[in-house]
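First, one chain by itself in structure tokens, the form predicted on its own.
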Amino acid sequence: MTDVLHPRPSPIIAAMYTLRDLDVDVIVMHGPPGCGFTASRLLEEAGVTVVTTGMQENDLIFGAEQRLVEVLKKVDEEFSPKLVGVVGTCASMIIGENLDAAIKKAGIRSTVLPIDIHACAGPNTVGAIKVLEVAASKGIIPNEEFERQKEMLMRATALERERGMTSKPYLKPHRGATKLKVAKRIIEYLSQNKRIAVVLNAKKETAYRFADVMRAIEYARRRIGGYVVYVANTDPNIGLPRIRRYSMDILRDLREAGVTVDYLSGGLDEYPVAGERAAKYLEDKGIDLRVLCGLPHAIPDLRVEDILVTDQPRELRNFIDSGFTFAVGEISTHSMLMGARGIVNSELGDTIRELVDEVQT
């Protein structure tokens, strides 16, 4: 058996998050009330209303089309949404439910995107691609954007298989090095007037927290000296509407903190290629220390002396076992950022600031 044994994200959940990025007003989960519960709760924090058709055991025998019809009518009456996503589940897949037929029968005023997906469909990116495909067919996004996003998602899947969280059958979670150890190393390099590069290569909303490392290092640089180059995949002209807003928020907050981004390596949905661009940009900059935040494994030719900042305990296991002793975790980043509209303090950032303040008092 060579399959990945540790838990992985589901295509259903990826579909829900992609619908959020399209700024849908309501997501209807056509399945049991508990399906996707944790993600549903988080998405409501991000301003998306999530409801379920609440399928029961009898529906697996007799079908649940009428349930979906009634829920869609209720959604129309209660929320008057402009854009609705109907997401399939394993239960609706097993009974062969026809989402299109139910949507037509409901006859509501909203544009409705039927996402016929289930947890057995493959990598989580399959769910995101399905949403984008339907969105393009309905004219919500241009076909060129669908093709670009599809390529990014397929490259992301390949990256995870090559050196990410599906590269090994089982990865035991690890919390990484201490923030104190890593902060001391950064301050040591600044104190010695060495050249540091900080690369933000993050995915979607997680960038709100990883960008704080830039703010903290700039805070330290202004007080103790040193030279820092900043690279970020926050191009505000790339991605779905919500993702472009994230980039604009981050660039605004970085400017307010005195951080000048020297190079935009791509958009927040382009981490599989933005990491390669960042590495190439830094090739001739004479950098002594690289601080790589977000998804460091997307940056080629990692060095054991690099500082790697990520939020994934299994990714940290990969790094630590490969000799990266300065790999550090910002655990639970994803869950704390739903609904954020600005950079959120990170534990590493706060540790850097505290150490600098201690030195100066």
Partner chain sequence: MKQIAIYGKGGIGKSTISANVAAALGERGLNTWYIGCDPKADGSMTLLGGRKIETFLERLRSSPGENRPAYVEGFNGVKCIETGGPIAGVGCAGRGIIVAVQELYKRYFADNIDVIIYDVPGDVVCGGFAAPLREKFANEVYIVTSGEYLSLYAANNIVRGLENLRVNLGGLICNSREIRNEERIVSEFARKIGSHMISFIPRDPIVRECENRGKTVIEGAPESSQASAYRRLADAILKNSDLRIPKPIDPEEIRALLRENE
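These numbers were taken from a predicted model, which means no experiment stands behind them. Residue numbers count along the first chain shown, from 1.
A second form of this protein, the form predicted in complex with the partner chain, is not displayed here; the remarks below concern that form.
K.L.:
Does the partner chain get within 4.5 angstroms of any non-hydrogen atom of residue 97 in the model of the complex?
P.N.:
Because a heavy atom of residue 97 falls inside 4.5 Å of the partner chain in the model of the complex, the answer is yes.
K.L.:
Please check if residue 116 has a heavy atom lying within 4.5 Å of any heavy atom of the partner chain in the model of the complex.
P.N.:
Because a heavy atom of residue 116 falls inside 4.5 Å of the partner chain in the model of the complex, the answer is yes.
K.L.:
Give a yes/no on whether residue 245 approaches the partner chain to within 4.5 Å in the model of the complex, heavy atoms considered.
P.N.:
Looking in the model of the complex, residue contacts with the partner chain do not include residue 245, since no heavy atom lies within 4.5 Å.
K.L.:
When the contact criterion is heavy atoms within 4.5 Å, does residue 93 count as touching the partner chain in the model of the complex?
P.N.:
Contact with the partner chain, yes.
K.L.:
Just one stretch in 194-202, 78-86, 172-180, 101-109 has heavy atoms within 4.5 Å of the partner chain in the model of the complex, so which one is it?
P.N.:
Result for this chain: 101-109.
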